[in-house]
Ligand SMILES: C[S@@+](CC[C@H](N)C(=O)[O-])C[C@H]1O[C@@H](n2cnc3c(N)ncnc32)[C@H](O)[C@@H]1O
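For reference, the chain that follows is the form predicted alone, supplied as structure tokens.
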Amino acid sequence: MSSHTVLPLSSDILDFAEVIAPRGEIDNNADSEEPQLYQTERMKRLSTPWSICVTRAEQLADCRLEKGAILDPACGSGSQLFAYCAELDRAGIGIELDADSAVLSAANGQLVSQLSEGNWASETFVLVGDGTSATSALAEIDLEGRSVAALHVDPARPQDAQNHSLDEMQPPISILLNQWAEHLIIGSKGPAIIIDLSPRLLPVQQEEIEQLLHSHWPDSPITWEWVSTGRGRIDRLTIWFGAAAVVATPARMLRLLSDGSVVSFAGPRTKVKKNPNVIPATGEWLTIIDTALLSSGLQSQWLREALPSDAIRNWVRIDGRRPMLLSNQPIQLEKSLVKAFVSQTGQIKSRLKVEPSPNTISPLLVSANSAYLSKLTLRCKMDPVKQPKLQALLDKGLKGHPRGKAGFLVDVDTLNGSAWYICRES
């Protein structure tokens, strides 16, 4: 009895997909150049944005892959798999345990093929079944031996956990590698493997993944990739291994902008150090940075673009959701790569003499008025009960100054305790 059901890409599969996830319910922009993929609500939450899929496909196209198919043994909606297929003009193999998801994936493959050039679709299949049953899956589409040029997998994991372990991933990475190792084409740098991981994976768990891969292919290179959409967190963490990695490039950062474009840069990772001896002064600049930048370890490359070489800069906060940089010169926001990782930046206009709270609103408004602000946004640690009350009082107290500038209030831990600063945006 067959353990996999084969779904070829064809126009017929679109009718079945329409029943599962009607296109009338898809809320993508109809005028967008992106393919309007079939997705359930859960798929929409978990799927990689199409622009990131395309960027990754372009990165893989720059790698020297051997001839063979692209495999995704837990393909979900298939968006990343078919971006690879379209960009590289290679056949794809998608495997999905859930039958409805597999139908949607095959339909999405058909949609992408209609918008792309090449002949990859005729040799591309989606299989319903277990993604770890390698030999069985290949037999269903008349393939055998080493026929996989690149393996990409985004394992499922619990959505409500603050931290993830490797054992929670489905299909398990260790079983997946054991089952597919003999079917991967081995180039001079080893097989091409790309694994999406939880962005909450701890450094020690990242090392476990490296050790697991190197237990099979000890000398293959690794490139770690961080993806951010600018919401103060890491959205995706991915390991590129072997032929998919870039030699001497251990880290890469992708930032998805609001217009759908992507900025990226790469290089060696460095550790960021906080300077506890620095006390911000009036006239200097405080900048809140996307936490994904520091997580990637690529902040040194970013700083070279963000500030002139003669600028004095110090990290005054390196953890939490609001890492903060102090500099004696303004950040060069005209550069898209720089602006992409800046949450807010402004010049220090004053230091508060009292802790901000609803009870100290009067001196706070005096300082904000002195800085010619029409709005002051709280960007500091505060009692969650007091924060909305204070923000409402600030909004009310400053609404009579419509021609003023926008500003923000931040807290900085110094050797003498917490200090609060009003900053005016340029």
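Keep in mind it's a predicted model, so treat the numbers as computed, not measured. From 1 onward, residues are counted along the sequence shown.
Keep in mind the form predicted in complex with this ligand is missing from the figure; the text below concerns it.
Work out which of L286, L197, A86, A74 lies within 4.5 Å of this ligand in the predicted complex, going by heavy atoms.
Selected residue: A74.
Heavy atom within 4.5 Å of this ligand in the predicted complex: which of A61, L393, L46, V366 fits that? Just give me the one.
Looking at the other structure, the residue within range turns out to be L46.
Among 138 to 146, 178 to 186, 92 to 100, 224 to 232, which stretch has residues with heavy atoms no more than 4.5 Å from this ligand in the predicted complex?
Every other range fails; the passing one is 92 to 100.
In the predicted complex, does Q205 come within 4.5 Å of this ligand, counting heavy atoms only?
No, no contact at 4.5 Å.
Taking 4.5 angstroms as the cut-off for heavy atoms, does P155 touch this ligand in the predicted complex?
Residue-level check for P155: yes, a contact with this ligand.
Even though this ligand is not shown here, does G131 get within 4.5 Å of it in the predicted complex, heavy atoms only?
So G131 counts as contacting this ligand.
Just checking whether R42 would be counted as a contact of this ligand in the predicted complex - the rule being heavy atoms within 4.5 angstroms.
Heavy-atom contact with this ligand at 4.5 Å: present for R42.
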